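One chain is shown next in structure tokens, namely the form predicted on its own.
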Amino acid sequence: MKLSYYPGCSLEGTAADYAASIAGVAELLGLTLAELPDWNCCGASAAHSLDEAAARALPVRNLRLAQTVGLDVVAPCALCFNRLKAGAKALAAEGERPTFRVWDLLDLLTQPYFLQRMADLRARPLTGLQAVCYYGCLVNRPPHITDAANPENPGNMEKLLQVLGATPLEWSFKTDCCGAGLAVARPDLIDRLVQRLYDRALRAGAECLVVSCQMCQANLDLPQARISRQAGKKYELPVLYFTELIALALGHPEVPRWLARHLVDPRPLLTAKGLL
């Protein structure tokens, strides 16, 4: 299977570990991700709140590039996916409908074909790993943009973890906002939002959080030491990409190297579970 790949800006910088795990998983699954030639920033960082014309033009240019390639497009970043879908909706409203589909990477890899392929290729079931799935707020909402069937209670990441052999735990906060967009301007707000997510995950019995967005990963991983100092209690919850867990279950040899880039090191937990 071959798709156009829109990596987005952060996967070439702060989320290089996510990018590496995506490449590793794609190779294992026989998925060819052909990077969209000459792509530009989707404008998710600021354009949509500052400049309506730029907010339309940036994703629309990428969609027109994709149209020339003629393949479905997949975006691993929730913000990029949201902006590309918004661009497609804007074009449709003007009578111009792209002939390809824009996929969120998690949605693509939890289609029945890929779940079955993972079940067939699974080399190391993630038995005993108890996790909560955290989707964040942009990959499913607003549904008139994302076309999400169940925007308030998605379940595809939980199905994935079950196929991998892990135990997804029930909690009611999987789509709560973590405040990643305010990480620089209002760290006081994001500390409050993120600490609530830590507490709720721990209350559910989670040993780690699993995410599909690099902004959420950074926002949940980075401030744990700071929030621990402020709260007077120690938080040390690994925040794993779903692609890292796929690669771990399928036996990719590079997983320990990717995990070493996390601030809260997941390796002690996975080693204790006999998974590394």
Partner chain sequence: MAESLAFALAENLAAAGLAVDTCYQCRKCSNGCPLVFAMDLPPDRVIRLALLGGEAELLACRTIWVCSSCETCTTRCPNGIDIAGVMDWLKEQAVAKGAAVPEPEVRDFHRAFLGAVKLMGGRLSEPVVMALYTLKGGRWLTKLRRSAAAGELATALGLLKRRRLPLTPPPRLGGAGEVARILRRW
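Everything numeric in this text was worked out from a predicted model, so none of it was measured. Numbering follows the first chain given and starts at 1.
The form predicted together with the partner chain is left out here; the points below concern that form.
> Could you tell me which stretch in 23-31, 230-238, 214-222, 245-253 has residues with non-hydrogen atoms within 4.5 Å of the partner chain in the predicted complex?
Result of the contact check: 214-222.
> Work out which of Arg101, Arg203, Arg192, Arg97 lies within 4.5 Å of the partner chain in the predicted complex, going by heavy atoms.
After the contact test, the surviving option is Arg192.
> Do Leu121 and the partner chain come within 4.5 Å of each other in the predicted complex, heavy atoms counted?
No.
> Is Arg141 part of the interface with the partner chain in the predicted complex - any heavy atom within 4.5 Å?
Yes, Arg141 lies within 4.5 Å of the partner chain in the predicted complex.
> Considering non-hydrogen atoms and a 4.5 Å limit, does the partner chain approach Glu152 in the predicted complex?
Glu152: yes, in contact with the partner chain in the predicted complex.
> Taking the partner chain as it sits in the predicted complex, is Ala19 near enough to touch it, meaning that at least one heavy atom pair lies within 4.5 angstroms?
Contact with the partner chain, no.
> Each of Gln67, Leu108 and Val163 within 4.5 Å of the partner chain in the predicted complex, by any heavy atom, yes or no?
Verified in the predicted complex; spot residues all out of contact, no.
> Which of the residues spanning 52-72 lie within 4.5 Å of the partner chain in the predicted complex, based on heavy atoms?
Those in contact are Glu52, Ala54, Ala57, Leu58, Arg61.
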